[in-house]
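In structure tokens, the next block holds one chain alone, the form predicted on its own.
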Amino acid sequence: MRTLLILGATGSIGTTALNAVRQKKLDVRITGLVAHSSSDRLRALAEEFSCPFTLNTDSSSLRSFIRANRADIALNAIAGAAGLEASLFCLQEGMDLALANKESVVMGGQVLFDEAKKNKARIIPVDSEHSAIYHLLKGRPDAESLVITASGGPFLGRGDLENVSPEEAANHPTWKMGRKISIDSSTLANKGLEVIEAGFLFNMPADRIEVTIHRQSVVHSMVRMKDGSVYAQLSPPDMTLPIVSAVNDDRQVLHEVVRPLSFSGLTLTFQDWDRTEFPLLALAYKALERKKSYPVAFNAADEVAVAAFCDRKIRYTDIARIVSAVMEEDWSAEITSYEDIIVQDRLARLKAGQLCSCHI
């Protein structure tokens, strides 16, 4: 039985993982639980799962906790940029990493994968889109390009978004997620982060990664082959499958993780996305094309702008304007270390914060 450390245990991904263990869909022994808050809930979970170690996160103690609690695999479901440091700590301890924190890849880039290689650790994606690609590419070295699906969020085709509230933007039509990722899904910034993540995870250039709007969220990703064929992964919109698949990592045959997909009355639709309607996704493609510090700046500016929107300091439509203005700066500094990432991240956050203050 593998030992599992869960970072972000009380969030949506962590909760889904614990439900999978509870329902015996995932055969692991949980040795550590980390959460940003919810002390009472964390203690209750530790008691339920006979988990010997728990931590309410702070930067001064996370590393020592991970070192003391060296599990076979860590599920990193920490939200936002804070997840990068945790990912690096896990890899440095030689743990395999089931990665639900896309910012680790977006910000860390090659630094993250160099750390994994150095410590003979594996990075296994948890996002439903990247999990699908990860499995579709197995035994298929002749892949030509990747196709990532997007639900289109709650405002697809709707004009006049100036007065959208944070509550409306967080009301995702398909997935139950945290506020930040739900708002990012409404602007397709989250899909932009996934495009950047796919570029690094699968060593694909930006011009070989497509995004298509697929409202049903049943086809999670597709892979185009050089012979012209396309392979797709289909399943109900349930994060249990990619989480269990990542943590299990082909160590045992999985049974009935999610309900079987019924084709009775099933309709699947696909459409192109509009560059004017979703400028943040277009900006993400540019960040992947340029690499260097551009992905770091994109992520940082978006986090700052979304936080300002949630605090009602800026309008919904200002999010894209602020990220665009930040991306117009020079982010050509090379990233070769964690320290480089932090420097560029702080610079981008400072610029975005200034723009939020003056409402551009």
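Heads up: residue numbers just count along the shown sequence, starting at 1. All of these numbers come straight from a predicted model, not from anything done at the bench.
A second form of this protein, the form predicted together with ligand NAD, is not displayed here; the remarks below concern that form.
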Contact residue in the model of the complex, from 161, 206, 124, 82 (heavy atom within 4.5 Å of ligand NAD) = 82
Since exactly one of 281, 133, 73, 239 fits, which has a heavy atom within 4.5 Å of ligand NAD in the model of the complex?
-> 239
In terms of non-hydrogen atoms within 4.5 angstroms, which of the given stretches 330-338, 308-316, 30-38, 65-73 touches ligand NAD in the model of the complex?
-> 30-38
Look at the candidate spot formed by 56, 77 and 101 and say whether ligand NAD comes within 4.5 Å of a heavy atom in all three of them in the model of the complex.
-> yes
Just to confirm, residue 178 within 4.5 Å of ligand NAD in the model of the complex by heavy atoms?
-> yes
Would residue 9 sit within 4.5 Å of ligand NAD in the model of the complex, counting heavy atoms only?
-> yes
Looking in the model of the complex, any heavy atom of residue 348 within 4.5 Å of ligand NAD?
-> no
For residue 13, is any heavy atom within 4.5 Å of ligand NAD in the model of the complex, or not?
-> yes
